[in-house]
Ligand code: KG4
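What follows is one chain in structure tokens, specifically the form predicted alone.
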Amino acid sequence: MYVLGIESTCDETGAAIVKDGRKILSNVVASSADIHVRYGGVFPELASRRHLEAIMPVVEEALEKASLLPEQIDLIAVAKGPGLIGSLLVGLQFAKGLSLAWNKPWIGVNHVEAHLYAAMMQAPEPISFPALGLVLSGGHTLLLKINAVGDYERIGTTVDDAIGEAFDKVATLLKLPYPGGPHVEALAKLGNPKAFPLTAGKVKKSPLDFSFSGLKTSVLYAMKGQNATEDRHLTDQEKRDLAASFQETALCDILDKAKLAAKMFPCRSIFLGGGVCNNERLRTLFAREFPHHNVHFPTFELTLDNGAMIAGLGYEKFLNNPVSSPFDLEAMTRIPIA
């Protein structure tokens, strides 16, 4: 079964062809990050316009790289949310148009769930459930119990900033380019993670929930003093140490809560998805602290927003319920996964 997956939830326009939910025949992504650098974050209107320009070319390229014609596609899958409303509308309406033009069924899927499925696509079959799932991205920080594909129980989430958002904000404080996560990670590799005594946030009565706002503020105080009014002119090495201290504190907080969550049920596997999962230090920590679990990370291409994860999840959803989505399905800026 050949599935065309379309992704347009934020600033990446993605299209991919996936066979039987796992074999990626093509995976094309056009990013608009270059136009958002000057704003230090995604400018929603400009992202939408770039999607309009890119979506037809990326779909055509995905078909060409997979050596397939439109009539050979069996299903069209598209991210219906969560995400930026303008960006979502471009992908969703385009998928509906293709469904009508090609006379093919289509299905809208949850972008966050697709990030988890990205790690499952390359895991050995059959997948052992129940499993622990972590979604770590610019917009989401989630701990989930996975009973099966499509069956999740939320264990923990963030009460303020998402982990990727915290990395981006700290990057801004350190005067690093957008997107900030990779730049903070690169700086942290040169620093001492114990140089600054930072602590992770705690949520009263919710030990598995996250709070990164206080940690971000601690970085601000380290740079500008307790009144946050004057630049303390940190040396280059102090900035490296501060980046390392922030990263280690944030990632160890995720690790510690994952360890607690894994003890709540007979956890057999751990699946991680989202852009932050490309962080090398995160992967090292999980490999070291979970030696007796099967820990699955997506490849780099699948950690970021992409059409392949949408196509793979769309296949699974359609296999369980082979019904095309209704054409009045609307874009959803927020969708609870559990």
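The numbering used is simple: start at 1 and walk along the sequence shown. Here the structure is a predicted model, which means the values were calculated and not measured.
The same protein has a further form, the form predicted together with the ligand, not shown here; the description that follows concerns it.
In terms of contact with the ligand in the predicted bound form, the residue from G214, P182, G97, P105 that brings a heavy atom within 4.5 Å is P182. Per the 4.5 Å heavy atom criterion, the ligand in the predicted bound form is contacted by stretch 297-305, the sole one of 297-305, 57-65, 40-48, 25-33. Taking the partner from elsewhere, every residue among G164, G275 and N278 has a non-hydrogen atom within 4.5 angstroms of the ligand in the predicted bound form. In the predicted bound form, at least one heavy atom of G139 sits within 4.5 Å of a heavy atom of the ligand. When contacts are judged by a 4.5 Å heavy atom cut-off, E113 does not count as touching the ligand in the predicted bound form. Interface residue remark: E316 is not counted as part of the site for the ligand in the predicted bound form, having no heavy atom within 4.5 Å.
Along 2-27, a non-hydrogen atom within 4.5 Å of the ligand in the predicted bound form is carried only by E12.
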